[in-house]
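Single chain ahead, written as structure tokens, the form predicted on its own.
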Amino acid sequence: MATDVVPRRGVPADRAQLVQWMQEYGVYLGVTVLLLFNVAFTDHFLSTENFRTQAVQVAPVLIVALGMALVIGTEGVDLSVGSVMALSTSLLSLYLGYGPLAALLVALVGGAAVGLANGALVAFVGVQPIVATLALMVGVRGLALVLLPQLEDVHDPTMATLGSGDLVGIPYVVLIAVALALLVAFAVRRTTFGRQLLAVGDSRPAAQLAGLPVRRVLIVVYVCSGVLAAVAGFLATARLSASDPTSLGNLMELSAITAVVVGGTSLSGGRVRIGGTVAGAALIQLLNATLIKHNLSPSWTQIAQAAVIVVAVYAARERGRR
């Protein structure tokens, strides 16, 4: 539904409209531009194998970004998601002997425990989210390395099928990512919890005065983030056929935050755009792939992501001032 744009004093109406348009649809424009660029200048980009590879690589980023979107929707942030992925792969390697399902359950419990700790620090102790999750980021990565000090190969038929198998040509990891995106979108848009989440992000004091369970919402949000990060770690391990807590999940928090912010979820809370988050994750993956395919250093990927974040935050800042 179209909304009227009321420019703030001193800002031309056309500029205000442009900023709002970029905030709402800029991520889709970015994905379209990158697709057209690669179609024109990247060899074999339109091959089925390339699209399959891109989809498989973006799946863990998307899953982590879904949890990050929930956290940012409450005006928080979760810097521990990459470390939770590392913990997940360590627990997977340790408990895989009991079967893949048991290993998955242990990994999910580990992710939920980290999320519970984050949520408790934020909701009950009153620690700022960036500080609480930074502490867990460091501590959980250390725990993952204590549990599994070095890379270890994963030999399990079920894990191999999960990592490389497909259903009617669509990889299992992609199907899982899509299913989780639909589930999170439904929770945000169609459930009481989703409305409570947005109310808490919009104004925590007002939500408390209205009698909403603010602490419970915060706990659930951080637990969801931890569980989704654990799922991403599990799927990444299945795809790589190896557990490597040293490198798995490194800078994942950067990619997830970028996908969420570029997708239109405001850092000031009160808004969660799951469709935009999906497009944001696709944008980051396409950007990375484009730079790699054109023989640019991986360092340029980080620089490009930083530039994208600055632009997205600027657009959100301008929108918030109107």
Partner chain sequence: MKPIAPIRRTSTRAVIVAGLVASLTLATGCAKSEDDDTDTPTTPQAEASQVVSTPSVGSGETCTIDAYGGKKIDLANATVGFSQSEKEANPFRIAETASIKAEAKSRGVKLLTANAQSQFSKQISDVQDLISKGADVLVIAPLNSDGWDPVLRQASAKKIPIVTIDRQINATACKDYVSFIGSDFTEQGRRAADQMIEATGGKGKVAILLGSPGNNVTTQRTKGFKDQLKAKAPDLEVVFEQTGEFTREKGQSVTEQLIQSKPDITGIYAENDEMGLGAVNALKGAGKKAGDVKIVTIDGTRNAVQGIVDGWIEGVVESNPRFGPLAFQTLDSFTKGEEVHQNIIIQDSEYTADNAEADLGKAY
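Numbering follows the first chain given and starts at 1. No experiment lies behind these values; they were computed from the predicted model shown.
This next part talks about the form predicted together with its partner chain, which is not shown.
- Judged by heavy atoms within 4.5 Å of its partner chain in the model of the complex, the contact stretch among the candidates 175 to 183, 221 to 229, 153 to 161, 71 to 79 is 153 to 161.
- For the options I170, A102, V131, L145, the residue carrying a heavy atom within 4.5 angstroms of its partner chain in the model of the complex is L145.
- Mapping the unseen interface onto this chain, A242 counts among the residues with a heavy atom inside 4.5 Å of its partner chain in the model of the complex.
- For the chain shown alone, Q285 is a contact residue for its partner chain in the model of the complex, at least one non-hydrogen atom being within 4.5 angstroms.
- Residue contact check for T53: one or more of its heavy atoms lie within 4.5 Å of its partner chain in the model of the complex.
- In the model of the complex, its partner chain lies farther than 4.5 Å from every heavy atom of V138.
- By the 4.5 Å heavy atom rule, the three marked residues F37, A40 and L108 all fail to count as contacting its partner chain in the model of the complex.
- Residues L91, S93, L94 are the ones in 77 to 94 with at least one heavy atom within 4.5 Å of its partner chain in the model of the complex, listed in sequence order.
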